[in-house]
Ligand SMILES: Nc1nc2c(ncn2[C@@H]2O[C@H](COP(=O)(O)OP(=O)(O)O)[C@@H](O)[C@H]2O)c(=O)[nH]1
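Next up is one chain by itself, shown in C-alpha cells, the form predicted on its own.
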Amino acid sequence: MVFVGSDDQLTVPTAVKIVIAGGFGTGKTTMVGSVSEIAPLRTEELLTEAGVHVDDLAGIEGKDTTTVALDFGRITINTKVVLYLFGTPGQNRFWFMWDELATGAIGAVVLVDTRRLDSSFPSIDFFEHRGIPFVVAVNCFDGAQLYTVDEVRHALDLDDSIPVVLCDARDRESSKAVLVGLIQHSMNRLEAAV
C-alpha cells in the first residue's frame, strides 16, 4: 500500500500488527470481519465427523465451521499507519501456528466466551509467557449469562494491569473500541519500559 502525500511524494505507511486470539468458538473470525475495511481473508472449513472426538462443541453446538490457519483483515488509520489483524485458529491442534502469527505484533486481543472460560487460559498463558501486551475482551454472546469485568478478572486470575473489557465482536464500533484499548495498553507498557 502506497499513498501520495500532499507534496506528491510517495509514502509507505507503518504496518502495525495485532493478533486476535482466544479459544475455539470465541468469535475471532467475527471480530476480524466486523472491523476490517477489506473483505477479510478467511481459512474457514466445515467441521466434519472426523473431528467429533477432537472438537469440543459444548456451549457452541450450532458452530459448523472452524479457522484452520488464520483470518486476516486491515484497517487504514491514516496515510502513515495501517493495522493488520491476524486472527488465530482456536483449536489446540492448530496452536503450532501461533508463534508465527504473533511474531512482530504490538499486542493481542484475547477474546473470551464466559460459557467456555476454561478455553481462555492457554491464550492468556501464551501472551504472558512471551511478554506480548494483551487485553481480554469478553464477547457477550446472546443468551449467555453476563458477568462483570471484575468477576471475569477474578475467574481468570488476571493481574489488575491487564485490561478487561466487554464487547460484541459482531459490532464494528465495539470491536474498534477493543482495538483502541489494546493500542493504548501497548503504548503505556512501552512508555513504562523506557
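Start at 1 and count along the sequence shown; that's the residue number. These numbers were taken from a predicted model, which means no experiment stands behind them.
This next part talks about the form predicted in complex with this ligand, which is not shown.
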query: Non-hydrogen atom contact residue 169 with this ligand in the predicted complex at 4.5 angstroms; finding: yes
query: Residue 157, heavy atom within 4.5 angstroms of this ligand in the predicted complex; finding: no
query: Partner contact for residue 35 in the predicted complex: this ligand, 4.5 angstroms, heavy atom; finding: no
query: Partner proximity in the predicted complex: residue 181 to this ligand, non-hydrogen atom cutoff 4.5 Å; finding: no
query: Partner contacts in the predicted complex for 13-30 (non-hydrogen atom within 4.5 angstroms of this ligand); finding: 23, 24, 25, 26, 27, 28, 29, 30
